[in-house]
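This document opens with one chain alone, in structure tokens, the form predicted alone.
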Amino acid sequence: MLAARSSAARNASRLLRNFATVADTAGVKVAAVDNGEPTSAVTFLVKAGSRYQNKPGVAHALQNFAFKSTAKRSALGTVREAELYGGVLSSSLSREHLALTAEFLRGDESFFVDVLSSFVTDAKFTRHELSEYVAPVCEAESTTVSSDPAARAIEVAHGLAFRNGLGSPLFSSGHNHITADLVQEYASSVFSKGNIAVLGTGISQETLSKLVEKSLAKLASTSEVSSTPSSYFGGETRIDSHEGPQTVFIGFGATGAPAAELAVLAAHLSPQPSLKWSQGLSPISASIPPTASVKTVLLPYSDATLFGFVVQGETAKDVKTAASAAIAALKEVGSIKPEDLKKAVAKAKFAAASSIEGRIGFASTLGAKVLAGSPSNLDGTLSALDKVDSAAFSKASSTLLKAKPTFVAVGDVQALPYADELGL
């Protein structure tokens, strides 16, 4: 067992060293790691999330314009060639970043980097593609979120918590009139060298840097996009809904760089057990009714963090019981025992370390660091978690509780509790 743990530690250290530096290739930040995987993946991470959009919904439309017509190939041509190579193309959007990803067999990197770069440098943004392909997908994704009470509550909570910037809607809605010209204008403002980081797995840093330098040579070097610094406000709203379980989101915001103490707090309160079918030792677990659930939510951004709970149940009474337990546990963390704090730190470190194992987690976890030009490894994160002590932990939790909470109820609004009924 000791040998296995020693080997795992060496592998983790090797991975961290591979991501210790970020190369600046013709003004674009590039980071890659090659552990001998049979497949490769390249992600163009663009500072083009919804907080930077010039009109609600335009970032969502830009995401769904990915891999449509460019000066080099049509949308159909992109699909046919990607399938010929056996690759997979995808795009995703967060409040801060647009991620364009290609996954492919090792050796096909030249074609797929060209596909990604073509969208960034030569996208056409045609009106017929907007109406025939982009708008219907945007509408379908928005409808899906609206029909999911938890996702809807978190989306609305961002607007209450931050209003503008991080509070801007992530998804477009029917009343947002988005034109191809608006999307092109937004793309022109965000597609510049200073706003893009290129991440690769299963590909060497040298190979990826050469491809990026060639494919993005003509990309503009305009200044980085900016957004109003985040401020936390909080608030309460209720949404009548007959879809899904009764749902409440209880959130608390903090401005500034994400704090390690909040990651430890989320790990400490999370009812998710380490052993399947067990109840777990979270201070919330024993008080949750069998027909209810509590999930801790930690959403860190570059200049703010939203922490909270998603509480769901079959009945409003179950939700109130579970939510009251979550708030009571949060209020009591100031007197946490040393052994419980140590356990929470270990859980937070495991969550941080395991988040980079998958390609999606790697891009979302380390991508922002690469884009910021900071060391793209876990050393700083893990050491910050190790430094969390009882005093800092208690201060972080008490600071959260002093601010106005963000409270969203989705379901039977006549029966679901109000924030003050939960002791907030």
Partner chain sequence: MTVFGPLGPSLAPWLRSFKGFRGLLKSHADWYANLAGYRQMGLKYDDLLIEERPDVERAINRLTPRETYDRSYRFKRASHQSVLHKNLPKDQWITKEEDIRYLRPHVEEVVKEDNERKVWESLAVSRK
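In this text the structure is predicted, and so the values were computed from the model without any measurement. Residue numbers count along the first chain shown, from 1.
What comes next is about the form predicted together with the partner chain, which does not appear here.
By the criterion of a heavy atom within 4.5 Å, residue 74 is counted among the residues contacting the partner chain in the model of the complex. In the model of the complex, the partner chain sits beyond 4.5 Å of every heavy atom of residue 103. Taking the partner from elsewhere, residue 127 is found to have a heavy atom lying within 4.5 Å of the partner chain in the model of the complex.
Although the partner is absent here, residue 257 is not a contact residue: none of its heavy atoms lies within 4.5 angstroms of the partner chain in the model of the complex.
In summary, among the residues 220, 140, 281, 84, the only one with a non-hydrogen atom within 4.5 Å of the partner chain in the model of the complex is 84. Out of the listed residues 240, 132, 181, 332, 132 is the one that sits within 4.5 Å of the partner chain in the model of the complex by at least one heavy atom. With the partner left out here, the partner chain still marks one of 74-82, 88-96, 345-353, 185-193 in the model of the complex; by a 4.5 Å heavy atom cut-off that stretch is 74-82. Along 52-68, not one residue places a heavy atom within 4.5 Å of the partner chain in the model of the complex.
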